[in-house]
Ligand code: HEC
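Given next, in structure tokens, is a single chain: the form predicted alone.
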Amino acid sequence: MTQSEAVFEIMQTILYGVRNLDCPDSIKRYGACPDTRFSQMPAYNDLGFTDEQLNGLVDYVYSLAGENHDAEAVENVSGLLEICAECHREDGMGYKPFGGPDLTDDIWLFGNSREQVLDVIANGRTESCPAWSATLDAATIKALAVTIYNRSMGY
């Protein structure tokens, strides 16, 4: 993904929100606004996954991102990876219609420490972000997207 594509992805989120339900009934689809990012990262801790499996999934995420990982731990959870592919695709590049983020890039939505990645996998994510398209002008939305991208890159 190019820098421009990443900034445009961030702009879409700012414009339309995440799990945004606050839109007129006339344009709601599937219970949400049509351009919102709509996903729900389940809490795999609640689904009976063991600590070993959860940690193996962390190593799997690291492997997709090109980070240091335990290859044996990834192999041990290979039978579970279909659950990730549903939203993140088999290649880990994300499935945008489901709101599944790209796990192969260097953008970390909730942090890249082992503890932060484990927390996302174990406890899931269901937060929402409102749409800002009716509140902020185009220049402000673009400036925010560039700032968020730059911060995610450590600039």
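Remember, it's a predicted structure, so these values are computed and weren't measured experimentally. A residue's number is simply how far along the shown sequence it sits, counting from 1.
Separately, the form predicted together with the named molecule exists; it is not shown, and the next lines address it.
> Tell me whether 40, 61 and 100, taken together, all sit within 4.5 Å of the named molecule in the predicted complex, counting heavy atoms only.
Each of the three qualifies.
> Considering non-hydrogen atoms and a 4.5 Å limit, which listed residue (107, 129, 93, 65) is close to the named molecule in the predicted complex?
Answer to the contact question: 107.
> With the partner left out here, check for me: in the predicted complex, does some heavy atom of residue 83 sit within 4.5 Å of the named molecule?
Judged by the heavy-atom cut-off of 4.5 Å, residue 83 is in contact with the named molecule in the predicted complex.
> Taking the shortest heavy atom distance, is residue 33 within 4.5 Å of the named molecule in the predicted complex?
Output for residue 33 is no: heavy atoms all beyond 4.5 Å of the named molecule.
> Evaluate residue 125 for contact with the named molecule in the predicted complex, applying a 4.5 angstroms cut-off between non-hydrogen atoms, and reply yes or no.
Yes, residue 125 is a contact residue.
> Would you mind checking 112-150 for residues with a heavy atom within 4.5 Å of the named molecule in the predicted complex?
Read in sequence order, the residues that approach the named molecule (within 4.5 Å, in the predicted complex) are 117, 120, 121, 125, 127.
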